[in-house]
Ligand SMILES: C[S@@+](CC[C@H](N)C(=O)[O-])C[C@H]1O[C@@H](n2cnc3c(N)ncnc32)[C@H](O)[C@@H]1O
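Have a look below at one chain only, the form predicted alone, in structure tokens format.
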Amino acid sequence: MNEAVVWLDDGSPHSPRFNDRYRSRTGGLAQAASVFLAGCGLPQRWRDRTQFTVLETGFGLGLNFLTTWAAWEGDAQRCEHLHFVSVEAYPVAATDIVRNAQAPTPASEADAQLSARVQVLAQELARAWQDLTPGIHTLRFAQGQVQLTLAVGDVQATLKSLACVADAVYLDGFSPVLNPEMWSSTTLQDVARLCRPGTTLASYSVALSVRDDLKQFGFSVKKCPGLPPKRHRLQAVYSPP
């Protein structure tokens, strides 16, 4: 059974379960590119690497994955293999993934090119999509050079079962107020377990509890100018003592 998505009058997707929007009012593509990719130092950090692994908490409508894939595809110095590992308790329908990729008119030519490519990749993801049961699902694209590992299930139990080593972390999910389990100390500690020194982390949330827990688990954390209407976003680097 796919998770219900309600499309509001302004064209944005809304979750009845969490009573929250799936993406920034500014636009999901802008959020993915400026908050998550740029916040983790991408595409620069994957250049000339054999493999680069991104860990995400909250796959949602898949826009962070699609934008990362499009950025990787368009980078002549990209790593040989991109591994995207994401946790999702409530997978949506493929039709909602495709609809969400239909972004508003981009502000620049570069944004328009990225948006157009994301829409094409969303169709490719939709063709590989299926009714995802709880457990680990592996989808491969780009002749096997891009791998999506989608872990379907409760975030805390699922993170404990993963064995990847993340080079970058997208800390995403609905608001900490509305979805506290996604941002709990247990969840963040399990995220830290999957990191190595130098792993970068990005999030739209700068909640004090999130920042304090990340510091406790070995991250150096800073607030950066946010994507309007949010004033701040979070960047961090795993640097345990």
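A quick note: this is a predicted structure, and the numbers were derived from the prediction, not measured. Position 1 is the first residue in the sequence shown; the rest follow in order.
The protein also exists as the form predicted together with this ligand; that form is not presented, and the subsequent description refers to it.
- Heavy atoms within 4.5 Å of this ligand in the predicted bound form are found in exactly one of 150 to 158, 122 to 130, 136 to 144, 71 to 79, that being 150 to 158.
- Taking the partner from the other structure, this ligand in the predicted bound form has no heavy atom within 4.5 Å of any heavy atom of V54.
- Mapping the unseen interface onto this chain, N179 counts among the residues with a heavy atom inside 4.5 Å of this ligand in the predicted bound form.
- Put simply, V98 is far from this ligand in the predicted bound form: not one heavy atom of it is within 4.5 Å.
- Taking the partner from the other structure, this ligand in the predicted bound form has a heavy atom within 4.5 Å of a heavy atom of A89.
- For the partner-free chain shown, E56, G58, F59, G60, L61, G62, L63, N64 of 44 to 83 come within 4.5 angstroms of this ligand in the predicted bound form, judged by any non-hydrogen atom.
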